[in-house]
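Two forms, one chain: they're shown below as structure tokens, one block per form, named structure 1 and structure 2.
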Structure 1
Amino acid sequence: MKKIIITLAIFILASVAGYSVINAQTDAAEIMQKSHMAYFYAADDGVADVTMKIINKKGKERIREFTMLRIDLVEGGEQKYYTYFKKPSDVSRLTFMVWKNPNASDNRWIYVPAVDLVKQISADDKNSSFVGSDFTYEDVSGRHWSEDSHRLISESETLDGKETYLVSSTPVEKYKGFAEKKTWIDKTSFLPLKEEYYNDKGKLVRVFTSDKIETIDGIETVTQRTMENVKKKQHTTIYFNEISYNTGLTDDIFTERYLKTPPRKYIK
């Protein structure tokens, strides 16, 4: 009888513990999904004037200026991005387009005005640097939450006075971008306030911070964000100087025609 009770007790305890683990996982995945939507899929479309500063360990600064257009075709799914470069001078008037497919590889095109050439380019490596910055292509357009498994570490951490969920994410398939990512997510806006990227040796390699959050057209938006490369002692800060949402961008703007001739209604 004693044996039976102990076995039963163990069984019940194990089930409860198991249930809460599963529950914590679903909670974490849900939080990450909400966060992904808040950060990458705000409104149905967006236009932003962006300044990017890349500052190396010697304090030397490089600046890129561009306008970025985005349209969401499927909420949480297919998106299209269009980038028009203004500075530096050697890339001015260059345009770049991405059709993002969360479940397949993206399509990328570049238009080089000096030779009037539209070219589809290889988009296999989402982990490569975006225009030489510390942000990768994936940091700019988002890594789908279903590619990682998530675990809620804490619900009681505060960051800069804000209550956060702290979630740990590990790639489902081996990924060279990171082995583990810790994300601090604001409990009210669901925006990521901070991310830490660890390599497979458990070493911190990159740190993301949301430096400034503003409400634009009623949507909470990270208007200044920094990615620090810990090893290189270099960081990149992106400033969103002007953002507008639900501008009425249409799908046809994300085509070769507009790659060659920028839509001046949106790009000044």
Structure 2
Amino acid sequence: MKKIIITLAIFILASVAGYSVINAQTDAAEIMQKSHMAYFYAADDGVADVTMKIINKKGKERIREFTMLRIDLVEGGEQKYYTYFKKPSDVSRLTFMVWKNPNASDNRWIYVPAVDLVKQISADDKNSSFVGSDFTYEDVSGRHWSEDSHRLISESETLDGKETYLVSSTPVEKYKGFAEKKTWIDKTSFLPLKEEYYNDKGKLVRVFTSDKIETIDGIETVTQRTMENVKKKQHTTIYFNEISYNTGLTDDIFTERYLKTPPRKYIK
């Protein structure tokens, strides 16, 4: 009888432990989904005037100014991005466009005005530097949460006085961008406050931070964000100077026609 009781106790404890692991994994995925929605799917569309500062290890600064448009076709699913560069002269009129599809590879195009050429960017280039910055093309439009497996490391982390979830993410399939990513997510807004990217040797290679968060049209928004390249000892900071949500953007703007001729209603 004693052996039976012990066996039952072990079985119950194992079941509870197994449930806890499954539950933690589910919670981590749900947290990352909410974070992705808060960060990349705010409102139905958005227009922003942006300044990007690229600062190398010697403190030398390069500045990019551009306008970014976004439309969500499916909440949490298909969406499109359009980025038009204004300054400096070497990137002026350069245009970058993304059609995101969580169920397939993203389609990306870039228009290079100097040679009047529209070029499609291959899937292998999504981890390339975005116009010479420390952000990649994928950083700009986002990596869908379903492409990674997520594990909740802690739900009692505090960062800059804010309570956060700490989640570890690893790619489901072979991926060049990172081997592991750790994300600190604000428990209230679900915005990512910090991300650490590690390579396959466990070495920290990049660090993302949300430097400033403001309420725009009732939506918590990261209006200043930085990506640090640890190896190169340089960083890029992006400032969202003006942001408007639910502006009435239409799908036809996100086509090759407007890569060469920007929609002047939104880009001035």
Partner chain sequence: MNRMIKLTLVALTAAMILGGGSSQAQELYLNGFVEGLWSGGLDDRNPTDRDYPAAETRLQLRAESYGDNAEVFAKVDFIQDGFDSTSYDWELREAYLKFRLPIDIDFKIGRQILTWGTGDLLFINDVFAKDYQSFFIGRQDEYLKAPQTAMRAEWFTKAGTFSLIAIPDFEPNILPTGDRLSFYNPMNVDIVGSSGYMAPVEPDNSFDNAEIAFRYSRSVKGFNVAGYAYRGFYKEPRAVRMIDSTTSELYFPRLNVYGASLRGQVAGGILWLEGGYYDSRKDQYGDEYSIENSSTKAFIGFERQVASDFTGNIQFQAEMMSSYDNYEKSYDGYVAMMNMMQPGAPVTPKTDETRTLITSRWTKQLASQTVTLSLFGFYSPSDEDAYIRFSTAYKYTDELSLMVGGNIFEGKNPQTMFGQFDHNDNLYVKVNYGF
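Take the two forms, find the largest set of C-alpha atoms that superpose within 1.5 Å, and that set is the rigid core. Everything numeric in this text was worked out from a predicted model, so none of it was measured. Structure 1's sequence is the ruler for residue numbers, which start at 1.
As summarised for this chain, the first structure is the form predicted in complex with its partner chain, and the second is not. A movement of the C-alpha atom of Asp251 falling short of 2 angstroms is seen between the two structures when the two forms are aligned on their rigid core.
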